[in-house]
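Coming up is one lone chain in structure tokens, specifically the form predicted on its own.
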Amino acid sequence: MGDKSLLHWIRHAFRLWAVYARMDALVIMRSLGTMATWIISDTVLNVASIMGMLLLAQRFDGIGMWSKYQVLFLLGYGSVVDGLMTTFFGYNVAFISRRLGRGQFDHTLIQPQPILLSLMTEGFNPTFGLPTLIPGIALIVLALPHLALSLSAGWWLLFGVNLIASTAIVLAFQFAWGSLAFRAPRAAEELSSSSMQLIVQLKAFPLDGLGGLLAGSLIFALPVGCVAWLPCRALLSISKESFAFWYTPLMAIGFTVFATVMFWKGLKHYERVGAQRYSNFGFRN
């Protein structure tokens, strides 16, 4: 951070978000036809990805112990997490293995600002995040009136904390896998993409009927359950433990610490050898 205060960097972050938001909007608005096609196609794609679960919940009036409106909330929560990832960490920030493996991270390293600030702002693209965020918010709004919840200020605060924690877990998981690209660029990119696809496909599936070992694996090893299932159990009072609201935030801290260690260890290796993906072709040595 140098001699500059934390307040300075916070203000700088908001200035950068404003710049990137404007650039993102300009990309989309260059052509009205392209913008309409993109918004409609992405919205249809995101809605279609959750339609199967919605139809099952409607046909059987819920799934297991989850009522159909609880499933609706679960799907909406998972979609909002996905939308936040797209909004704040697009342009291969979430898929950090692509930047690392292809030598693009050098552009970040030479910028006259902290690496953390660059990673927190470079991927901001709110226009691209709307087709995922809006359906997710709509599902939550539709579900809430049918759920016996006390929507107090405290509940909304816990909702926001868990939402941020879920997003942090997905991002930390991607950075942990992506950090392998410092050493094995091609393999890490494939692994990172495949693991993210698993999370996206299973993010809002109720895990209550699974055995302890499998459910634990989908929380601690592949954190599918942390995207929506675990926090929604607490928010919807399906989980009766008083401490359930804090499971996901605590998991987020653990995943973030682990990902940070993995990333900085990889960065030290990168400082010595640089990008290796294309070294067989006689350059980037």
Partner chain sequence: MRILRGYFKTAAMAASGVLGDDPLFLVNYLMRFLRVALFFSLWRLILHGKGAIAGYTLEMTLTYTLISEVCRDLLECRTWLEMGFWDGSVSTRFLRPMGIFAQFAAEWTGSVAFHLVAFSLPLLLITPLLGINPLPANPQAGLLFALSLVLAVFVGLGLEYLFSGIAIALRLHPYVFNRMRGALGELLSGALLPFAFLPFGLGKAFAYLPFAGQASTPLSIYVGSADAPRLMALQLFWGVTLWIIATQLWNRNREKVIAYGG
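Treat the numbers as computed from the prediction; the structure is a model and nothing was measured. Residue numbers count along the first chain shown, from 1.
One more form of this protein exists, namely the form predicted in complex with its partner chain; it is left out here, but the text below deals with it.
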Looking at Leu151, Leu214, Val141, Leu157, which has any heavy atom no more than 4.5 Å from its partner chain in the model of the complex? Leu214
I need to confirm a contact call. Of Leu207, Val161, Met120, Leu133, which residue comes within 4.5 Å of its partner chain in the model of the complex, counting heavy atoms only? Leu207
Of these, 162-170, 141-149, 176-184, 73-81, which stretch puts a heavy atom within 4.5 angstroms of its partner chain in the model of the complex? 176-184
Contact check for Ala48, Leu191 and Leu218 against its partner chain in the model of the complex, heavy atom at 4.5 Å: yes
Does Met53 reach its partner chain in the model of the complex, with heavy atoms at most 4.5 Å apart? yes
Is Gly254 close to its partner chain in the model of the complex, meaning a heavy atom pair under 4.5 Å apart or at it? no
Just checking whether Phe95 would be counted as a contact of its partner chain in the model of the complex - the rule being heavy atoms within 4.5 angstroms. yes
Is Ile137 close enough to touch its partner chain in the model of the complex, meaning at least one heavy atom pair within 4.5 Å? no
Which residues in 56-72 have a heavy atom within 4.5 Å of its partner chain in the model of the complex? Leu56, Gln58, Arg59, Phe60, Ile63, Gly64
